[in-house]
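Taking the form predicted on its own, here's one chain by itself in structure tokens.
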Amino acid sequence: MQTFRGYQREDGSVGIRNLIMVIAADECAEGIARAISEKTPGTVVVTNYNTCMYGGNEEMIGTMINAATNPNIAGALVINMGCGSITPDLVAGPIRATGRPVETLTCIKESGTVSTIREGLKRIAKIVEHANATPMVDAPISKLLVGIKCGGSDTSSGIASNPSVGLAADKLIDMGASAVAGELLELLGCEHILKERAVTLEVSEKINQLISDEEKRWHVEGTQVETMSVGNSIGGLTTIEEKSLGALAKTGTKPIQDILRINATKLEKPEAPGMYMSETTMLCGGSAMHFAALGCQVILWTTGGAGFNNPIVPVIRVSGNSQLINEDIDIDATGVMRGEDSLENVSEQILKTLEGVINGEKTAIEDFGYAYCSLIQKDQRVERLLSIPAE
């Protein structure tokens, strides 16, 4: 796997899908965005359900903007109601700077919902025309960025699916591609192993600091916040540290080039091929949007038996749980648990499926089941109270 067939973007990136994003910059514009999307095939709605105010919500808006510059996105229509501080141009400007066509609409200025929908359909038609004219190219594998995530983890995750994905990730890095993982809370107790893989002392210290920061956010004295799901425990995992050792396996063994920050002041992206860690959340829906914002074209997702989807970034699912595996799963790793298959063989299956998906094949449930594009962020007030620096 040295090349893949994709859509050439003007910023130099190459997408494996050719989608248009319809952005509701505030939740009041949600209905308008969905009405336009429902009449326009090949579109994805991303809604800010949190607020119409920009101050204090820079991280969330940054994720939204960067997701719209994902290689799988050809252009965007940005809509707001018109009475908040998150203006369409604030969102559209950085997207437009990448060479993607962007149209904006404000409901109040368009004299209401019906007229805004009518005008939106006219404007999005221009973006569709541009997307349909996007040239396809044979891109080098160095243009590929793969997100790596686990969820619904159980005993089989750490023994079968995670190590298989980790081995596949190592092979991808050797080919010249890039991969990025996150879920820093689920790496507690593994800091020393990750630091040994860091390419520089600075990256090593950054790994330690960002995992420590995430622990502060989730383990606040006097509160009772779940950091492991009921499904994790039923599946045989007893502590976050035990879960971490399994989660670590999905990151492979290659040197870690950097740990990418996602906060109110910046969203760092890979600058060269290789393996990366990141502040991508452990929460599945939000993690997909973080991966989209980082520039991933596809996600490898390991699980015991659960599943999640994302309409921007296709999700390839790997499971080793013979009791829960179903038709949603793309890669069957149950043979490893039975001692009938090897990690090597499953990793090759993963790469074969990945090659198909990045060349246009659909994942098991890519066209089935709706998935919200969840936008989450860290509360800047809590960050200050916990003495966690924004830089």
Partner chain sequence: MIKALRLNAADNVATLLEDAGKGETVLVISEQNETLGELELLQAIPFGNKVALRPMKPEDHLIKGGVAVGKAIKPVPQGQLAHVQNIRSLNLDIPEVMINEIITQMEIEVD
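Positions refer to the first chain, counted from 1. By rigid core we mean the largest C-alpha set that fits within 1.5 Å across both forms. Not measured: the values here are computed from a predicted model.
The same protein also has a form predicted in complex with the partner chain, omitted here; what follows describes it.
Only one of 237-245, 73-81, 311-319, 101-109 lies within 4.5 Å of the partner chain in the model of the complex by heavy atoms, and it is 237-245.
Mapping the unseen interface onto this chain, Pro140 falls outside it, with no heavy atom inside 4.5 Å of the partner chain in the model of the complex. In the model of the complex, the partner chain lies farther than 4.5 Å from every heavy atom of Asp332. Contact annotation: Lys216 falls outside 4.5 Å of the partner chain in the model of the complex, judged by heavy atom distances. Under a 4.5 angstroms non-hydrogen atom cutoff, the partner chain in the model of the complex has Gly339 among its neighbouring residues. Checked against the partner chain in the model of the complex, the residues Ile193, Leu121, Val220, Val114 give one hit for a heavy atom within 4.5 Å, which is Ile193. A single residue from the set Ile159, Ala306, Met282, Leu90 has any heavy atom within 4.5 angstroms of the partner chain in the model of the complex; that residue is Ile159. The Cα position of Asp170 differs by less than 2 Å between the shown form and the other one after fitting on the rigid core.
Relative to the superposed rigid core, the position of the CA of Glu191 differs between the shown form and the other one by less than 2 Å. The rigid-core alignment places the CA of Glu268 less than 2 Å apart between the shown form and the other one.
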